[in-house]
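One chain follows as structure tokens, the form predicted on its own.
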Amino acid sequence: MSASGRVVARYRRHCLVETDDGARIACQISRRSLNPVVGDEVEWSSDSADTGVVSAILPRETELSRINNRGNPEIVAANLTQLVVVLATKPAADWFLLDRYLASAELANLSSVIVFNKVDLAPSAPPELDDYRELTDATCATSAKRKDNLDALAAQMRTQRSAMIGQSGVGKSSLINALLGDSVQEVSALSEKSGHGRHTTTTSVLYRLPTGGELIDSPGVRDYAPYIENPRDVQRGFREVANFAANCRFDDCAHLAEPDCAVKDAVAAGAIVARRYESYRMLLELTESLQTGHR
């Protein structure tokens, strides 16, 4: 007899499923073609007293995807409501990478929050952050070390299922530990026990925050780009580009070399930040090249 549950951790060959009554069951995945991710609602059945088998993935409300190293789509997390992007002074903020994260949130209809962490190492947040205050739902400057603004960040996550993502080394783990508080040891022990060995690697884990909300921790990445099937959809990932695009002369304007392009005019007038436009152009070119390569 099968039951439904939620994937709260994914390992290489199995996953951890939380049942409706809060129990967590280590489950094998029934076939290689099935690829549940954290946040998925799944069907599973028990194969022993304390293990089970996942047999199906239920329909997803939202997906956070990326392009894998073969140029194909890879789902990172499912059924999110918000993306939390963490930056820091060290390593230096990669603004083009941030733009790709935000494009993912826009295309998946997720809220977005930018967190500038490690303010204890910098006198202030970088001026580039001002370019994003109208392009995201909230910005927050934090220090996991000094506990600066952690209450404000927790408040942004209280009613959301958030994925926290960012470059390696920006302090995501420290932020998560600080947000989890005293429950962090319990979570770590559970993950180790359910992982069938301390050297088992997870792709991501779902945590419940003491102040409310759920948080999915995704691994740090050196590069990231959302998978976008139709190049015309790229502009929807950039709020300001999508807003000005309605005034272009041609409905199918790609905002590159077309005449009477309202987006290009907005860039020239400073209404669209030039670096953001360059991010749009780069992501459009990448999407077009992948589409050509898959034909």
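Keep in mind that what you see is a predicted model, and the values were worked out from it rather than measured. Residue indices: 1-based, along the sequence shown.
As for the form predicted together with a small molecule, it is not shown, yet the points below apply to it.
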Subject >> Interface stretch in the predicted bound form with the small molecule - options 99-107, 154-162, 112-120, 207-215, non-hydrogen atom within 4.5 Å >> reply: 112-120
**OP:** Could you spot which one of 225, 129, 144, 135 gets a heavy atom to within 4.5 Å of the small molecule in the predicted bound form?
**Re:** 144
Original post:
If you check 149, 79, 139, 167 against the small molecule in the predicted bound form, which one has a heavy atom within 4.5 Å?
Top reply: 167
